[in-house]
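A single chain comes next, written as structure tokens; it is the form predicted on its own.
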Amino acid sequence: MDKLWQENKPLLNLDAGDVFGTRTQNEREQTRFLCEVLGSFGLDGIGLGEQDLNYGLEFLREMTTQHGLPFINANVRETKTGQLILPAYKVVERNGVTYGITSVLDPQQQILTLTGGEGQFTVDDPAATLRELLPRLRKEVECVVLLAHMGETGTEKLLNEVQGIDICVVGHSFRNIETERVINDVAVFGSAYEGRFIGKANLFVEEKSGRVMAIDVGITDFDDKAPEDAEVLTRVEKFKQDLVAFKDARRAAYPRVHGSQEEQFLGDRSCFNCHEAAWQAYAASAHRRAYTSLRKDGQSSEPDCLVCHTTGYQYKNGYSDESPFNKLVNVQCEACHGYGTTHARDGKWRLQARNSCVACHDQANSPNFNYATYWEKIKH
């Protein structure tokens, strides 16, 4: 990008969305750093992807304001207000041509956030949105650029339904568009996901009409052959250290204060050998899917969740993401009964298990908890 800027030629710098990370607090910290760096890239427009709402609308607006990130979108509304959550378009001028940059999101992409799950946002039909917007935009600009967070198939369908777009950058795609591609008289570009590639298109744009007359496309792969930028590398290494400290601080809220270093969790398969009927009841219960539910929601690295969705998180030799302790996923038998190496046959294990329920089924997590009714779900 430094090389491009040094050429001192008119440049439109665009991203079609999914800038933010997955829905975990660790990834949110990484996204803060990413946005800080991205703010120095001189982007002219960023299309909204569903992942860019992973941490909620306020976080998106905070990053937009703090780092000058030009997020735009024309079809995502806040459900409770009915208002668009971002500017519908942006106008920029390059070399005597005015460009109107707009963006739409595929309604099929599910929007989930760390701040409230589904239902916070309404996604309008992209084709209907553009048919209404483009005539107004054409009055202001000579060339319309669409950042289509629709994937390749969805984008092609959209471009065949809507007239009035000149340039389109495809988002939510896992494949580079390496050669010139035109759909319904629209020049289409795309580079693959997670910032692994950057696409460059040299365009000849007719000044009076804004029409794209010629295209030359190139894709750069950021593999191991790409040289490191010393200044950025220093910032990245510093961030990695900060992220470790951040993770350690969060884990410190749930210290391993219980149990003994001399004892071990043996895993639920050890229980199966003597307690097959009880194990089968456990295997059919939600307890055995507790960790899976975290992964589905993107919460599998959150200490606040792991403390109740794994076995022995606050016990010595309990769950961690390192082998062999990572086998202690889910709420296994020992999560309730205690270390297998302290197996008791005098009734203490049964009493200990019953008393352990309220450690996780508390007012915050299970406000309607009742032992008798909940026992029926796991009875063995």
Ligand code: HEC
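The structure presented is a predicted model; accordingly, all values stated were derived computationally and were not measured. Residue positions are given as counts along the sequence shown, with the first one as 1.
Below, we turn to the form predicted together with this ligand, even though it does not appear here.
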Triplet E152, I219 and K225 all within 4.5 Å of this ligand in the model of the complex via a heavy atom
no
Testing 281 to 289, 234 to 242, 166 to 174, 195 to 203 against this ligand in the model of the complex with a 4.5 Å heavy atom criterion leaves exactly one stretch, namely 281 to 289
To verify the annotation, which of these, E180, D304, E78, E161, has a non-hydrogen atom within 4.5 Å of this ligand in the model of the complex?
D304
Checking L43, C35, L57, C336 against this ligand in the model of the complex, the residue with a non-hydrogen atom inside 4.5 angstroms turns out to be C336
Using a 4.5 Å heavy atom cut-off, state whether L294 contacts this ligand in the model of the complex.
yes
Any non-hydrogen atom of V331 within 4.5 angstroms of this ligand in the model of the complex:
yes
Interface membership of W5, this ligand in the model of the complex, 4.5 Å heavy atom rule:
no
So, H275 and this ligand: in the model of the complex, are they within 4.5 Å at any heavy atom pair?
yes
Could you run down 358 to 380 and flag each residue that has a heavy atom within 4.5 Å of this ligand in the model of the complex?
A359, C360, H361, D362, N365, S366, F369, Y371, Y374, W375, K377, I378, H380
